[in-house]
Structures are given as C-alpha cells and as structure tokens.
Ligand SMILES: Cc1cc2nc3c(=O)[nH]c(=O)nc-3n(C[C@H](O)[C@H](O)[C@H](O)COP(=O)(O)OP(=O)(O)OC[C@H]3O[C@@H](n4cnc5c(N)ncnc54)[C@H](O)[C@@H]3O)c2cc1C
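The chain below stands alone and is given in structure tokens; this is the form predicted alone.
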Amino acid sequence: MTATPFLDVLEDLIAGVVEPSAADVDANGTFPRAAVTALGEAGLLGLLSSTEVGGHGGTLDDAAQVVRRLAASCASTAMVVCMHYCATSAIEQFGPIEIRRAIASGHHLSTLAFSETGSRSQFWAPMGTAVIDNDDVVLNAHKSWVTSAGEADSYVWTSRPASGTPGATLWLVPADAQGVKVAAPFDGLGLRGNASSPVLGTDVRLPASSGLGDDGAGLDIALGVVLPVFQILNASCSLGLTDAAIAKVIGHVTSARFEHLDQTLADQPVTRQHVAHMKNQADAAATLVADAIVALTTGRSDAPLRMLQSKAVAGETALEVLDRAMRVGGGAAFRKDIGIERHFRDARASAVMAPTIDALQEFIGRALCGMPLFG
C-alpha cells in the first residue's frame, strides 16, 4: 500500500462521512459507527495488519498520518481508530489467526482495557485478577475507562498474572463474553463520541488460550509493543487538533472584519503574531513526533526517550495552541458552528489519558537522570 492511495481514500471518507457527522457526534455523544464502518470497508482498520492475513502491512508512520488527519475532522473517530491500532499491535503478535483476519478485513474493531478503578491511570499496576480453572481462566476487574466500550468487538485486557507473581498478563476478551458489562454511558467534556466508559468484568470465563503472550509477560508487551503505538498515535491526535485549530483561526481572521477600519482581523499585527506563535508551536511538536517515529522505526538509542516525549509535548502543545485559538477567535470561537471550541474541549483529553502528561514528565525526568521508570 503506497502512501498516496490510502491517504486519497481517507480524504474521500473524511469528506463524505467523517466531517459531515463530526458536529453531531460531539453534540449528542454519538459513537461514530458510520465512520468506523466506512474505514473498515476501505481497509483502513486493517492498516497495521500483516499482508499474510489480508492486511496492508502498514507502518507506524502510516497509522500516525491516518489518526492525525481524522483528528483534524473528528477527534472522537480518531481516538477510536487510535485505540484499535493499539490493540491490533498486540493481537498481531500474539492473537489468534481468525481475529487477525477479521481485523484485516475490516470486520472487527478492538480496543484496550488497561486502566482500572483501583490503580486509575497507572495502567502498569493492574488490580484485576485471573484464576485458572482447568482449561479456562476466570477474570474479574473494574476497568475505569475503555474507549469504544460496548461498541468494540473485543478488548485487549490486563490482569494480574494467574500465577500470582508480580506483573501483568494480557487477554483477548470478546466484548459479548458473559460477565462483561459497560457500567455507564459516557458523557464527557470532549471526545464525546468515543464511548469511553467503565467496563466491569465479573467472573468472565474464557479459554485459558485467550492469553496474549505468556502469563506474567503482559507488562513487557504493554510497554514494549503497545505503548510506542499509543504514544505516537495519541500525539498524532493532538497534532490533528492543532492543524484544525490553526486552519479555522486563519479562516476566521482573514474573513472577519473591522468595518469601521476597513480591515480584517489579520490586518492587526497582534493577530498575526498569535497565528505565527500557534504555527511555530505546532510545527515544533510535529517535528519531534516525526523524529520519534524515525527513532522507533530505526531502533535508535534515544527511541524510548523520544517515544515518551511525543505524547507529552504534542499534548501540551495542543492545549496551548487551542487556548490561543480561543483567544484569537474571540467571541466567535465560543460558538459551536465554527468548531474551535470543540477542538478546544477535545484537546483536554490527552493531559489526563494514561499515561498522563504529568506521569510522562516524571518518566522523562527519571530517564534523563539515569533512573528506572518505575521505582
């Protein structure tokens, strides 16, 4: 799959499906089912699936481009796709062939079920349990936030190891498994259509073969396989929000006028300085994220640091750029029809989505000081 064809397909889907429904998805908290279905039919849900199962064998950079472009139109759709790609990264390496094929064909949506009520955003410390019973495993957990809850076909689910040793184990849990329940509908400030709800698992009985990787290896998989994808794609979502904000601000300031001065807002030096500052910040963050992708792809020694920085820098940049966009847009930016305030609300999510920006700054500081991330 070459870059131009899949981006051309994506642009057509955005223009025909994603963009027309974005305001409704936000206003009503509607899951973007039509967009997800269209992305599946176009093969984009199978972007990261290997060619051997019918996928496109796409790269992390390909996925980042998809998520960034989607986020500029509908961040809820972008986050659903982001979490699907994250789950796919684990399923591709450790999941059953039939699910891999279903993902590749666009007929299976997956997501992560990591964060839990007991350990909150510190997903690396699962509280949920797994008990082996003959050839089955019985799972119990209270997942605090699961994107696409009740909408995805499966969850990549963390638990404590069944062996009782420290660490974590990953499981592929069908969303319709008995004992799996979405606890409450999602009604949030931003990303209002991404169905990010608590999910309860009560005596969920599955074949023990449902494990993704060895018992106790879940943390290594989560940090080594899933986290790099999540970090880059979450950062890409933030970058897409800055793209949208800058474009809409420019559209506003070059058309809105001071009639008594016969000037546009863009004729004012302070307005141009604000626009320049937004663009400078956004491009700097985008450059760092692009470098993180190269570092991860080529195995550079600074790849772990760049990976940690990507979400933190892009997330903080989106917060700052959208704050400025609201200022530059003035009273008009508070109106929902322009769309800036929607991007402003959507940008808030990155700061609190695990690993939070505060947690990432701690990890970055520990890494720079030669300390282990956990300790």
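For every residue, the number given is its place in the sequence shown, counted from 1. If you're wondering where the values come from, they're calculated on a predicted model, not measured in any experiment.
Here the subject shifts to the form predicted together with the named molecule, a form of this protein not shown in this document.
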{"property": "Every residue of R120, A349 and T356 near the named molecule in the model of the complex, heavy atom within 4.5 Å", "result": "yes"}
{"property": "One residue of L239, V249, L112, L170 in contact with the named molecule, assessed in the model of the complex (non-hydrogen atom, 4.5 angstroms)", "result": "L112"}
{"property": "Selected contact from L139, I232, A78, L191, since only one has a non-hydrogen atom within 4.5 angstroms of the named molecule in the model of the complex", "result": "L191"}
{"property": "Stretch in contact in the model of the complex with the named molecule, which is absent here, among 201 to 209, 131 to 139, 219 to 227, 146 to 154 (heavy atoms within 4.5 Å)", "result": "146 to 154"}
{"property": "Non-hydrogen atom contact M83 with the named molecule in the model of the complex at 4.5 angstroms", "result": "yes"}
{"property": "Contact flag, S89 vs the named molecule in the model of the complex, heavy atom cut 4.5 Å", "result": "no"}
{"property": "Any non-hydrogen atom of S73 within 4.5 angstroms of the named molecule in the model of the complex", "result": "no"}
{"property": "Those residues of 294 to 321 which, in the model of the complex, come within 4.5 Å of the named molecule by heavy atom", "result": "none"}
